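Single chain ahead, by itself, as structure tokens, in the form predicted alone.
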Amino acid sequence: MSGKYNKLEQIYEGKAKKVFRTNINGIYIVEYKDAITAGNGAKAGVITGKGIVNNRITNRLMRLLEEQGVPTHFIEELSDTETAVRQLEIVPLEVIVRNIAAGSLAARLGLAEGTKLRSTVLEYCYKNDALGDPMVNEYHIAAMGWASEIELKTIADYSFKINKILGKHLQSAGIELIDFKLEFGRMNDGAIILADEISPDTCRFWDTKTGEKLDKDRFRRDLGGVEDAYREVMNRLLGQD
């Protein structure tokens, strides 16, 4: 770990990550875990090396987005599983970006998985595990004060831009970006920036030629080969053998 950041007390532990305060004001350390869950924690397991894979993939893609003008919380990769990030006030919304029908969208609308959508769809969910992260719309968000109209427009604009950047980059690695989840946070000055992670835990990745699933659906649906699929994505994106 980089010597300038010292881990202090743990301030949060989620399904896939732990967050620690550091000796530097405004900077946290995120530690990725090997734990994996599905169904809002109803199904759980451990995938050896998942923390390393998700840390490296996320940081690679965060750097790419920064280069393309999308501000993120990423500061520095500290170790195989740890990264320094900016402290944020997380906006309590999950943004789901959908290009191709899969998962809950396919089930809700009676679409065959793999159906190409005529345009990219944005969905919002209220971040609340106890309630099962219910889907909400712009009116709910305004009524509850979770984000202002300007903030929500910024979030939507960034989400579409991220989709375009990632889609093109992943295509070059033989990966189709089916759908993915994003989270955003506020800086002290109120600026909205990208937070959380971008990994096979939070995205649906399909091989462009075979349609093979290279993401968490392998765990959700008991398809096997979860570790191999995650590492395949990392190897393609990081150019490892």
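Residue indices: 1-based, along the sequence shown. This is a predicted model, so every value here is computed, not measured.
One more form of this protein, predicted in complex with a small molecule, exists but is not displayed; see below.
Colleague: Would G167 count as touching the small molecule in the model of the complex under a 4.5 Å heavy atom rule?
Modeller: So G167 does not count as contacting the small molecule.
Colleague: Would you check, heavy atoms only and a 4.5 Å threshold, whether W206 touches the small molecule in the model of the complex?
Modeller: It does not: once the small molecule is placed as it appears in the model of the complex, W206 has no heavy atom within 4.5 Å of it.
Colleague: Flag R98 as yes or no: does it have a non-hydrogen atom within 4.5 angstroms of any non-hydrogen atom of the small molecule in the model of the complex?
Modeller: Residue-level check for R98: yes, a contact with the small molecule.
Colleague: Though only this chain appears here, would P92 touch the small molecule in the model of the complex if you measure heavy atom gaps against 4.5 Å?
Modeller: Residue-level check for P92: no, no contact with the small molecule.
Colleague: Going by heavy atom distances of 4.5 angstroms or less, which of F184, Y28, F180, Y32 would be at the interface with the small molecule in the model of the complex?
Modeller: Looking at F184, Y28, F180, Y32 one by one, just F180 meets the 4.5 Å heavy-atom criterion.
Colleague: Tell me, please, which stretch of 42 to 50, 172 to 180, 65 to 73, 186 to 194 lies within 4.5 angstroms of the small molecule in the model of the complex when heavy atoms are compared?
Modeller: Of the options, only 172 to 180 has residues within 4.5 Å of the partner.
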